[in-house]
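Take a look at this one chain, the form predicted alone, written out in structure tokens.
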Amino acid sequence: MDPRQAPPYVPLRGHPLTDDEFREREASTAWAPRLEYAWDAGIAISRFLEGLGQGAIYGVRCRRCGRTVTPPRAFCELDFKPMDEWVKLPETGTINTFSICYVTWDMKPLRVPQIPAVIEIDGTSPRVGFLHLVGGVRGRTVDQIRRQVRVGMPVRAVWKPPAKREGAITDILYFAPVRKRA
């Protein structure tokens, strides 16, 4: 095909709006699309999500370099070898970094802030973690929260009741600070 030649005209589906439809902002449609799709989490994430549904956190270990990571992946990004040695991990971890958010992801204001954090699950390699919420913290101001949450703080997963789990990352409600006993 000559690069200077335009592709053939293909009419778009639908119909132009009438003046009334345009003015009233209510359009009728002659075409009702069926928007169906399928999504597959893949082998590694599927097994991870199944574990969450059972109240367990799983990771994988690279047999070559020994790294253990969660969420699991099919291959080690450092040496490109399969990661197929599954490891059940504890439900405890450490806060790697955190933020104090007064708006939701869709920009709705919050009276009580959320505390998203990268949690390094115990038993994984350094600097490997996943994003989740920190909860069980009292306070609404930055100063109140910063007195209770810090980088390096140990946390423990707080789970949904077993009957309400669905095999999703939200089966962990949040990670709560581990309080030292007196």
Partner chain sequence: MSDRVAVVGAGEVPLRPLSPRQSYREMGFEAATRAYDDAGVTHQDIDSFVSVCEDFHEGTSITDEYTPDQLGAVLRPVHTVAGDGLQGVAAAVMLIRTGIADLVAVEAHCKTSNILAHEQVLTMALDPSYERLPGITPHFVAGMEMRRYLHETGAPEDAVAMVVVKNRRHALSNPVAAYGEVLSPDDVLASAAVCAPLREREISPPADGAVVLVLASEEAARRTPKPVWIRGVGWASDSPWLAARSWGQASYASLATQMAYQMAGIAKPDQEIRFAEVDDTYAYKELQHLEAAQLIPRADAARIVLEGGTRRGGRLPVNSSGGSLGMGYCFDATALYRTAAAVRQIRGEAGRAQVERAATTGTQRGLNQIEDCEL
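Positions refer to the first chain, counted from 1. This is a predicted model, so every value here is computed, not measured.
We do not show the form predicted together with its partner chain, though everything after this point is about it.
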> For the spot marked by 35, 43 and 77, is every residue within 4.5 Å of its partner chain in the model of the complex through some heavy atom?
Replying inline: yes
> Does any heavy atom of residue 82 come within 4.5 Å of a heavy atom of its partner chain in the model of the complex?
Replying inline: yes
>> Among the candidate stretches 43 to 51, 149 to 157, 127 to 135, 112 to 120, which one is within 4.5 Å of its partner chain in the model of the complex when only heavy atoms are counted?
In response: 43 to 51
